[in-house]
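In the block that follows, a single chain appears as structure tokens, in the form predicted alone.
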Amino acid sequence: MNKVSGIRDQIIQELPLWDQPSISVGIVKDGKVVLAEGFGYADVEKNEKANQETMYQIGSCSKAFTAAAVALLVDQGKLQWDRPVQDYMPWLEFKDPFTTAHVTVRDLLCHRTGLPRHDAYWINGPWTRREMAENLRNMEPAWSFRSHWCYQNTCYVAAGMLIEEVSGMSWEDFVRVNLLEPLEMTRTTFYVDAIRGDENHAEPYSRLLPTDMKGYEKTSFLKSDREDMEKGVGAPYGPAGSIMSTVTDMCKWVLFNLQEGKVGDRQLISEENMKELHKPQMLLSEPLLVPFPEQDFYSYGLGWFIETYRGHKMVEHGGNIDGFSALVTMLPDMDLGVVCLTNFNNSFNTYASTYEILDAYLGESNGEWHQRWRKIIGDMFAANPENMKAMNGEAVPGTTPSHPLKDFVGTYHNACYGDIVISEHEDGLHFLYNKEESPLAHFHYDTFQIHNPKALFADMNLRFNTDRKGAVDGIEFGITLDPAAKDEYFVRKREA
């Protein structure tokens, strides 16, 4: 009890220093929930405090549920980990024919298809879930098949489609009936309307720079136009990150994983396939975030990162979605699990609090994780301008565009990403993509910079190209947000 009291005191003490609305924390130890509590405010404006039943979005922590759903179907003999996905979904294609013929469900779930993230197209995009999976055929690979690990959300959408086609149920219904209901996770849902309509939910918050620590503002829930709770249609990206839950329910999920697929006396998923979820499937050359001396092994399993922490195997996964951050972590040999949920965009308090809790149970006291993580994010974001400068290059002074601005106006299309619309306003050219509009500042020659600090593509450059007759006919743009991937080309649409 003293250990838990000390953890509680530290969370309360550190929350104001992170300057975020709330954090809800759950701890599972030796088969029991020893802490499930909310700290801070679920809704700052209404002065409503968070508690153990406050509902948060968990973002990519949803991926472990998708992987577990696949494991259930493997147990039932309806899927095989290493059978080509085309045997189940002949319509699924990748740009690389070899990948199309050989990709397995294991490959989809451990991010080794050779594709970079290619995320921008679906954020506020018009796609259905099936269309997202079909869009894999338009995505340029950055590496050869199975040669490199790169986080890839659309592959999880494809895995969700596989669950739907094999089971005959929607991904939401399959997960609810086969996982949430047996685990009695009664306050876990898939729909933005459900969380917004719940009396005890956290409102999302963010600030322009996570390093400011000088206040925040309420932001909007990310909701696809395709989502329709009344019709049972979930977010297109659902299998990659649409679940909403509470710290109480997520503790049940952690217990289930630590008990290797058992719910009470019932073996819901076989121990064999739970081990598949929790063992390394693809090595990482470096950690997703930052390296620490306390960690020396990095890999991805199926829906989980598999790492080491102070010599112990650590199974964990984070989640970020507009206005929310989450982290679920387990040390199986310690029979220890930690859940941290926050209503703040890109919060690293989840990691700092988790590592301090792990240290408390490991008898370590020199981590100083809150101070270390705050310094890390300060260094990361302070480096952003230089990183962007390196990507964009130096502006050549004294140059002008090769055409009048009106000649750049038009719609430019890319098979994977859809349309970019360029328009002319009184203050110059504007850029519109998936409902997000930004002014364009002239950089040099026919290169322009997206001039909106809140935009997904803030400070990125796009380059207009001309055809052999000198007419503006395309845009080159690093829309993949990955320096390892080549720029995507958008072809100008011509009026009939």
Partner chain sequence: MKEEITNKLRKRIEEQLKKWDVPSASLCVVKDGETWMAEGIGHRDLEQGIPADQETLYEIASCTKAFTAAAVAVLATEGKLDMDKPVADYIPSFRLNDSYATEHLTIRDFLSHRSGLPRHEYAWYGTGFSREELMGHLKDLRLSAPIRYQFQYSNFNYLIAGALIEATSGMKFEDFLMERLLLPLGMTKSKVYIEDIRSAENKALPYDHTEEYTMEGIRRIDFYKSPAENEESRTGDPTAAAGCISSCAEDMARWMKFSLGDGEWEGKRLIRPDLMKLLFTPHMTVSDSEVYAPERSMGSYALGWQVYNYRGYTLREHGGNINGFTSETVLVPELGLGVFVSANMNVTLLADAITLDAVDLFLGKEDGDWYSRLYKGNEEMFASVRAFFASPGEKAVPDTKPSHALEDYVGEYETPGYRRVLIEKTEDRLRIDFNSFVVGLRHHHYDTFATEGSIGELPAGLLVSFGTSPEGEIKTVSMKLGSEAGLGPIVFTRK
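All of these numbers come straight from a predicted model, not from anything done at the bench. Residue numbers count along the first chain shown, from 1.
If you look for the form predicted together with its partner chain, you will not find it shown, but the lines that follow are about it.
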Problem - Residue (of E394, E364, E386, D296) lying close to its partner chain in the model of the complex, criterion heavy atoms within 4.5 Å - result: D296
Exercise for the section: Name the residue from F221, W81, Y151, Y88 that puts a heavy atom within 4.5 Å of its partner chain in the model of the complex. Expected result: W81
Exercise for the section: Run the contact test on D96, R112 and G311 with a 4.5 Å heavy atom cut-off to its partner chain in the model of the complex and return yes or no. Expected result: yes
Exercise for the section: With its partner chain left out here, work out from 187-195, 352-360, 104-112, 200-208 which stretch has heavy atoms within 4.5 Å of it in the model of the complex. Expected result: 104-112
Practice task
Using a 4.5 Å heavy atom cut-off, state whether G410 contacts its partner chain in the model of the complex.
Solution key: no
Handout entry: V177: touches its partner chain in the model of the complex, heavy atom cutoff 4.5 angstroms
Key = no
Exercise for the section: Check whether F381 has any heavy atom within 4.5 Å of a heavy atom of its partner chain in the model of the complex, and answer yes or no. Expected result: no
Handout entry: Contact test in the model of the complex: P280 vs its partner chain, heavy atoms, 4.5 Å
Key = yes
Handout entry: Residues in 8-24 close to its partner chain in the model of the complex, defined by a heavy atom within 4.5 Å, in order
Key = none
